[in-house]
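Just the one chain here, the form predicted alone, laid out as structure tokens.
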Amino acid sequence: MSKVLNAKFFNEFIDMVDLCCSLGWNERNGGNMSYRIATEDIEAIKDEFTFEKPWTSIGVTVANLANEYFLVTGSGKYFRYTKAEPEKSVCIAQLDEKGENYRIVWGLVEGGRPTSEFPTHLLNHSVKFDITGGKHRLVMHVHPVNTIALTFVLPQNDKDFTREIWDMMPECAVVFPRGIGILPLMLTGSIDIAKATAEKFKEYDVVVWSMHGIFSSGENFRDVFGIIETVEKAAEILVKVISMGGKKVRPTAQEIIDVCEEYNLDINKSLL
């Protein structure tokens, strides 16, 4: 049995890809995911790596991630078939000593490259590495239907978008007390959207790309999935509320603050 294919982190990654697809969050080759692999996990599997492929420019510099390894979905690869064909669908990429280039050391056996959003992922990893002291390891990008739908009708600013979502369930402010960042429609795969998303990640753990999807970051698969799942459930409730004529009642700012204080959470009051 391959050490890579048998690794716990690898199977959690593949299972998460499969789960997101089953929920309708990742049609065709839509969406992507990356995981910064722990040193001890690399040591356990690196004898299966090859270091012969050429270095490729990332397009951005992430010096604080120099020499790190990332498990990442491949560009143009379908989430639906990843579990059946992991060696064809994902890869492990190593960054160079300056954090400027990467090379594939495992996977994508039929050719290919990491997701076109790899620069966005790496900039997000870089921001969260500094903010969390390296605790955040996963960045996930998915296309949940209700959240995307709301970007066509809600104001495209962090405060209004966050408050509309927070209003739907008390759990929302508990799960993401810092709020939600939102970006206008931008060219995907570009350095511009990568930098804009990274700026939002300095403040938030979840960022919505208008008319496109969600990016989220966290320490592990459970936490990141939980944030996105909560946002999307609240979005579904809000879509139904809007279809029934809109809100007739809403929680007050103090009621939201009270919930967070009960759990000793630092609610972002500027968004209330």
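Just so you know, these numbers come straight off a predicted model, no measurement behind them. Residue positions are given as counts along the sequence shown, with the first one as 1.
If you look for the form predicted together with 1,3-dihydroxyacetonephosphate (13P), you will not find it shown, but the lines that follow are about it.
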Check: Using a 4.5 Å cut on heavy atoms, which of 74, 107, 144, 181 is close to 1,3-dihydroxyacetonephosphate (13P) in the predicted complex?
Finding: 74
Checklist line | Selected contact from 132, 116, 156, 101, since only one has a non-hydrogen atom within 4.5 angstroms of 1,3-dihydroxyacetonephosphate (13P) in the predicted complex | finding: 116
Checklist line | Contact label in the predicted complex: residue 226 to 1,3-dihydroxyacetonephosphate (13P), heavy atom within 4.5 Å | finding: no
Margin query: residue 233 versus 1,3-dihydroxyacetonephosphate (13P), in the predicted complex: is there a non-hydrogen atom within 4.5 Å?
Written below: no
Item checked: residue 59: touches 1,3-dihydroxyacetonephosphate (13P) in the predicted complex, heavy atom cutoff 4.5 angstroms -> no
Check: Is residue 212 close enough to touch 1,3-dihydroxyacetonephosphate (13P) in the predicted complex, meaning at least one heavy atom pair within 4.5 Å?
Finding: yes
Check: Residues in which of 91-99, 161-169, 75-83, 194-202 have heavy atoms within 4.5 Å of 1,3-dihydroxyacetonephosphate (13P) in the predicted complex?
Finding: 75-83
Next item on the list: Scan 22-54 and write down, in order along the chain, each residue with a heavy atom lying within 4.5 Å of 1,3-dihydroxyacetonephosphate (13P) in the predicted complex.
Entry: 29, 30, 31, 32
